[in-house]
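Read the single chain below, which is given as structure tokens and is the form predicted alone.
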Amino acid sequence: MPVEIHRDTAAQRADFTIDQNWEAYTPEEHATWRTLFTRQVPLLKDRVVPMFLEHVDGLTMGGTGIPDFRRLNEVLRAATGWTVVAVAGLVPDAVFFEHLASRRFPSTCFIRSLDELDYLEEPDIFHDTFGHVPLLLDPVYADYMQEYGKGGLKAQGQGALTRLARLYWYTVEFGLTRTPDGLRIFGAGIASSKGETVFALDDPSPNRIAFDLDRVMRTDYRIDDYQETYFVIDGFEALRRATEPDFTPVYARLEGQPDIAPGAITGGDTVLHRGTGAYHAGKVSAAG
């Protein structure tokens, strides 16, 4: 059976990029994008940071189906100097950091099947492009992402990749922010998920804790289910300021400190909502 063109690792270059081959998408694949898009956008209204949907419109992501990266890049490059590059799947840490540091966002270009609409083990183009790319039009967030990439390149020689991965997870993927209208989503892992869009803001089960860099870097996370804890920032500028300094002293300060379980509350936390833990406890009970 031939390798699907949008996941063909044999076609990748030294930097792990491939051609998107937009013309090769089938009508069914475009229809899957439209299905995901048309159900997610109304759900995000009043739940996501307002600029997210404004930038989705600015990138004309709905349209007739899967976006063409060439068209997205015309808008992104003019606005913040970023581009989207196609990759076949997850790439090595060093490659990922190098792309971000150079203002390139690596996005998978395959799309999930219709029977995987609600859950996919690995990121597809809807998660990567719909979830991540719109906020790259925001100058402050775009700068944060580049600085994260630079920090990642440095962290490789400091044995700190686990701590840096937690920062990415709890901000870029699963971050919340405070606004005058209440908590809003900005993390791509939430914004591209129908179920977690509701769970992260509305469900009483998870903790919602004010962002603290040390706390985040010590906290384990879930890769198999909704998060047990969400960290809340006070805006992209506050996130940029908190993460702008050299992390070397942070890594040294955290050396030897124990990790914190995903659902734990600590004495130093600023707790915005203490979760009931009922969702995950119920799943453990059912499995036992």
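Worth saying up front: this structure is predicted, and the values here are computed from it rather than measured. We number the residues from 1 along the sequence you see.
Here the subject shifts to the form predicted in complex with ligand HBI, a form of this protein not shown in this document.
Contact with ligand HBI in the model of the complex, judged as any non-hydrogen atom within 4.5 angstroms, is confined among 185-193, 202-210, 94-102, 113-121 to 94-102. Taking the partner from elsewhere, V87 is found to have a heavy atom lying within 4.5 Å of ligand HBI in the model of the complex. In the model of the complex, no heavy atom of W82 sits within 4.5 Å of ligand HBI. Although the partner is absent here, Y148 is a contact residue: one of its heavy atoms lies within 4.5 angstroms of ligand HBI in the model of the complex. Proximity of V140 to ligand HBI in the model of the complex: non-hydrogen atoms within 4.5 Å are absent; the residue sits far from the partner.
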